[in-house]
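In structure tokens, the next block holds one chain alone, the form predicted on its own.
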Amino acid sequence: MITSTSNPRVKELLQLQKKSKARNQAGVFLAEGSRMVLETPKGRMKKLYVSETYSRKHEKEIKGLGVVPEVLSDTVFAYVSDTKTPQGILAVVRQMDYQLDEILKKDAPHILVLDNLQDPGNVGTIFRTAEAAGVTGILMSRDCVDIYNPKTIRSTMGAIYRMPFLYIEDVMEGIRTLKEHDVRVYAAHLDGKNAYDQEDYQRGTAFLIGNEGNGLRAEVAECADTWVRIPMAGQVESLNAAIAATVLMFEVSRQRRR
């Protein structure tokens, strides 16, 4: 059992917890908590760490994971944990690897393009909701929040394992590629011509979702085939990015269930 915060493995965990560069160089991320660890796809878990208390209480569950765990004292586990009340289990998991061609292989793909979203909770919620709404894949501009940030990972509630995604260097080039594959691109925009539920989403569809505070960059919005708006009552000027994305995604889902 590791009982010192000076242990090299503990230092490595802290680096992976705090630095995206360390995660990307190692090609891994940290999944913390029972749900996230238990849902890790087979073959993706590289290392498993449990607290002393967790190892005593969940021996059978740990054996079922097929990875021999490293036990940390409760104090050391709390030291490396990213949460205020650690559950006592975390895994080092290989990062996901998807290609745009894979996402576009599906008939009538349903895609989200996230432009410069910065809030881990928003992005995690979008991933979780996208899975529920049957989205084919998510594209993100390189300046979006790091999907492997521990807070983002927790917010996905396991959807990170099942929702195909990739970062793209050039969002506008990515949008052009979508159009070449017969995907119609809609910008969620306050100046939208039609209400979102006046459009037909039976064919390949992509929605552009902009930054929480500033919305879509003008040059990205201009790449859309159509701007759509979400009608709102009262004095509300705009919706949270994750909520706006949810409204749009489930309209596609509704239309395709007909």
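Numbers for residues come from their place in the sequence shown, where the first is 1. Only a predicted model underlies this, so the values are computations on that prediction, with no experimental measurement involved.
Not on display, but discussed next: the form predicted together with a further copy of the same chain.
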Original post:
If contact means any heavy atom within 4.5 Å, which of 87-95, 123-131, 69-77, 175-183 contacts a further copy of the same chain in the predicted complex?
Top reply: 123-131
Original post:
Taking 4.5 angstroms as the cut-off for heavy atoms, does R35 touch a further copy of the same chain in the predicted complex?
Top reply: yes
Original post:
With a 4.5 Å heavy atom cut-off, would you call A218 a contact of a further copy of the same chain in the predicted complex?
Top reply: no
Original post:
Would I230 sit within 4.5 Å of a further copy of the same chain in the predicted complex, counting heavy atoms only?
Top reply: yes
Original post:
Within a 4.5 Å heavy atom cut-off, is L14 in contact with a further copy of the same chain in the predicted complex?
Top reply: no
Original post:
In sequence order, which positions of 241-256 have a non-hydrogen atom within 4.5 Å of a further copy of the same chain in the predicted complex?
Top reply: A242, I243, T246, V247, F250, E251, R254
